[in-house]
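Single chain ahead, by itself, as structure tokens, in the form predicted alone.
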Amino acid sequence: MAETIKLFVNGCEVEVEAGKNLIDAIGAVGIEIPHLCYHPALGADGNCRMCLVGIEDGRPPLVPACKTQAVEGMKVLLDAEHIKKIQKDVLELELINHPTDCPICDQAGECSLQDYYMTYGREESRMNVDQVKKAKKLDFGCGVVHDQERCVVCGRCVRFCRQITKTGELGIVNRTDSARVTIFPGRPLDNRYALNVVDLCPVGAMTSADFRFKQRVWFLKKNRSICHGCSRGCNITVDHNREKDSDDMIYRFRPLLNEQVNGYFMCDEGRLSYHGENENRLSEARLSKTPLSFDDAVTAALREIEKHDDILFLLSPNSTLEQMMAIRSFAEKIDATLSGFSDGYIKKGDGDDYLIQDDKSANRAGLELLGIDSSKEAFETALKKADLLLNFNNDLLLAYSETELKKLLKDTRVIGLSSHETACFQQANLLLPVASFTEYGGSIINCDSILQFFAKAVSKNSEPVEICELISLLGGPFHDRTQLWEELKKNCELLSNVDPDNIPPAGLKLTDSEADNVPA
């Protein structure tokens, strides 16, 4: 457990974590200190002055909470009249040249300046001179659009590019009313995490070209999930909405804080991978490219399985642990060969030393934990012998060319279970649609052996069938998550003590040492 201290806020005693500044320490117990420039991942800058508070111990009359560490017995004053006046004065200054275009601003509904004005300001403007005009709709590169008039020059975006990506594309030029954030001439944003500046911006000065004017944020439902873009497993918020007479659509992925996985950020590629959840989805079953009902497709699949002796199961490295267990158990039941071959999901040299991994699959560690052979040699040997291949959403065209794949599959019938209309599954004799990862829940293990659980985020008008359910329809021995987890515990020593219903939101480090999972 972290060390705690006791201090007083507006005369009331509170217990907070030691070693933190006042914004974070007091914020953790539900008491807000307004701030614009401070961000936990970027440290204190102290330029906005919105977090000024009083300390009753002989210090200067007001101190910035972002730069003041919480200490035992400290008496913090937040609600004194002179502090409220400071907050109003700061807001008045911030709003002097702000366009107050909330009705057309993408940030409306999640804007700190808007929220603070309603909470701490609500003063009529006293300005009777023209506002300073600045540039709008500036293309900063990487899909970031900047509005200089909305900017409060907090510098979060500048510090992100200097401290996190270390690329330094942004800077603040000029002074006073003329101060503005800009790029260097001819040098736009050029890093794989650039869209994080949109999340960091507290006022809507940085917007995403991908999200601009697509949805008002108060219409969006927000569910937590895990990005499947690579083996890092960044925690995300899935923002989605079902408009009248339409299906539930995802409008953006945003990073969700998980200090032992991704911190506060995620890469742009993972962030924009939400498009794949909306587009190119397989929505109907097909037999030799002729549509048929899902029930008839299941019956056809059962007939195929019954009449073939040498069957090969190929599963995806994006499958959850539960799906892997269901497929493995079904393979054992009907004496089929099982492969997790997925070399095509690895892009050597694509990863970096921050979040992005070479391995573009979400649960390769699960394959290894369950002892599923993923070698190319074993897969190709088994495929040569097999007269029927059941492909569980594994895109083989990431590993082979179309010509190579046709040659490999020329004597083998293929049943494809796919969430998307990919070229790989065009060659399947029988095709069944299944759910994609935002449409079901499950457990995965990331590149650092952290077990994480994610829940279903999106419900479609016509719910696609999840792979575990489909396996059960085809004759698999297990019919629910409880049974699958009992089997997982029996088969995996590292999972034997895991309670699947109580995996912490931050994940569980799978090691032999219990100390690794004691909260700090």
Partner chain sequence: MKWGFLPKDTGKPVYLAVNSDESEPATFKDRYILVRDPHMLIEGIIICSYAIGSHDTYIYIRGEYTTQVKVLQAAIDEAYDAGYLGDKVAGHDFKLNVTVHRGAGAYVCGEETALLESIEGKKGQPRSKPPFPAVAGLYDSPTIINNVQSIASLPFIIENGADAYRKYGTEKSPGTHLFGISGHVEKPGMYELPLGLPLLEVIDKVAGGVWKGRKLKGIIPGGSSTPVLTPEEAKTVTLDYESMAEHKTMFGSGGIVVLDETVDMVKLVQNLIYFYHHESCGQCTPCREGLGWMLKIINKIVAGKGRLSDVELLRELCDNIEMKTVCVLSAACTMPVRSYLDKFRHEFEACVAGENGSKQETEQEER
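Residue numbers count along the first chain shown, from 1. Only a predicted model underlies this, so the values are computations on that prediction, with no experimental measurement involved.
From this point on, the text means the form predicted together with the partner chain, which you will not see here.
- Contact with the partner chain in the predicted complex, judged as any non-hydrogen atom within 4.5 angstroms, is confined among 350 to 358, 81 to 89, 381 to 389, 283 to 291 to 81 to 89.
- This chain is displayed alone, yet in the predicted complex one of A70, C48, V458, L470 has a heavy atom within 4.5 Å of the partner chain; that residue is C48.
- Taking a 4.5 Å heavy atom cutoff to the partner chain in the predicted complex, the contact residue among Q260, N97, T412, T422 is N97.
- Within 4.5 Å of some heavy atom of the partner chain in the predicted complex lies at least one heavy atom of L52.
- Contact annotation: A331 falls outside 4.5 Å of the partner chain in the predicted complex, judged by heavy atom distances.
- Using a 4.5 Å cutoff between non-hydrogen atoms, N191 does not count as a contact of the partner chain in the predicted complex.
- In the predicted complex, the partner chain sits within 4.5 Å of a heavy atom of V153.
- Residues of 109 to 134 lying near the partner chain in the predicted complex, listed in sequence order, are R126, M127, N128, V129, D130, Q131, V132, the criterion being any heavy atom within 4.5 Å.
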